[in-house]
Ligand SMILES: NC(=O)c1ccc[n+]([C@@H]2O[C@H](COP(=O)([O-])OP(=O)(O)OC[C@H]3O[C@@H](n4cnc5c(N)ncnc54)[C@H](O)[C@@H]3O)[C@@H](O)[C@H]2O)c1
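Take a look at this single chain in structure tokens; it is the form predicted alone.
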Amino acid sequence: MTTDPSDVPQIDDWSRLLDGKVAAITGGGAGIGAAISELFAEHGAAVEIAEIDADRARAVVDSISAAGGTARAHVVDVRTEGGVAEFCEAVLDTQGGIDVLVNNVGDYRPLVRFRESDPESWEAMYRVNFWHVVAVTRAFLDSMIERGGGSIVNVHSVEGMRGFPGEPVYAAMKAAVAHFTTSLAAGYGRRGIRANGIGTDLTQTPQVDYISGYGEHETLWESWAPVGRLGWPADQARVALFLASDMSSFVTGHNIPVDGGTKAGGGWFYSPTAKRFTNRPTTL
């Protein structure tokens, strides 16, 4: 590395920001993961998807192929040692290595309130929200270093970046991902690895439905989010593309809330009437 300004990567085609890159994406079959997979393929990446649901895996590959992109799906469970090994080996056997890794798998379910929780529920939270991030990253890290580096994007939650009264174990796992991301960046930046995180919130996905069940919800978004609207998977995917591509070549170790401003605005409210916290108040 030098102090020459020509070290800044040149972007020749802004419509193909990942041209020639190989991107591995966990949970890439639906919601935010599918949006990331499709956008990365649109920008020229060969996308390798880990997805537990065979129908979702098939659907996202068909969608990418129909749009002229390149994608393969691997039906695996990355919460297990066997699933991580199968995914990594299949990708490396074909591609030789990867340039971008998106650890997207995560879930607040099964939701067990802390006073009712037990070691079994803690283990489930750990496996789906933190263990797989560490395991998949470790499985691909050497291949990324051997290719001269790359970008790791960890999708977690704004709940790991603020106090979450609803489920402290879930929040702790997301916070662990955020700090793992920062520490990974500090430790491997000199090996060409950049690592950044996305703290999601208020985004419509199959896991979290922000539309149904709230009546005339359109009138409430001004209260719920400073930007005044619902978030969509494409909002998250665009930030992931920025972090994966050379547009962010001098950005590493950061966790970006992609939340419509809820972290900045406070996020959670306590209702003395209902005696509970909510991030979508109708009345207090």
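A residue's number is simply how far along the shown sequence it sits, counting from 1. Just so you know, these numbers come straight off a predicted model, no measurement behind them.
From this point on, the text means the form predicted in complex with the named molecule, which you will not see here.
Heavy atoms within 4.5 Å of the named molecule in the predicted bound form are found in exactly one of 240-248, 40-48, 22-30, 63-71, that being 22-30.
The closest heavy atom approach of Thr94 to the named molecule in the predicted bound form falls outside 4.5 Å.
Proximity of Gly150 to the named molecule in the predicted bound form falls outside the 4.5 Å heavy atom cutoff. Contact annotation for Gly189: none of its heavy atoms lies within 4.5 Å of the named molecule in the predicted bound form.
Taking the partner from elsewhere, Asp201 is found to have a heavy atom lying within 4.5 Å of the named molecule in the predicted bound form. Contact with the named molecule in the predicted bound form, defined as a heavy atom within 4.5 Å, is made by all three of Val76, Val105 and Gln207.
Contacts to the named molecule in the predicted bound form (heavy atom within 4.5 Å) from stretch 43-61: Ala50, Glu51, Ile52, Asp53, Arg56.
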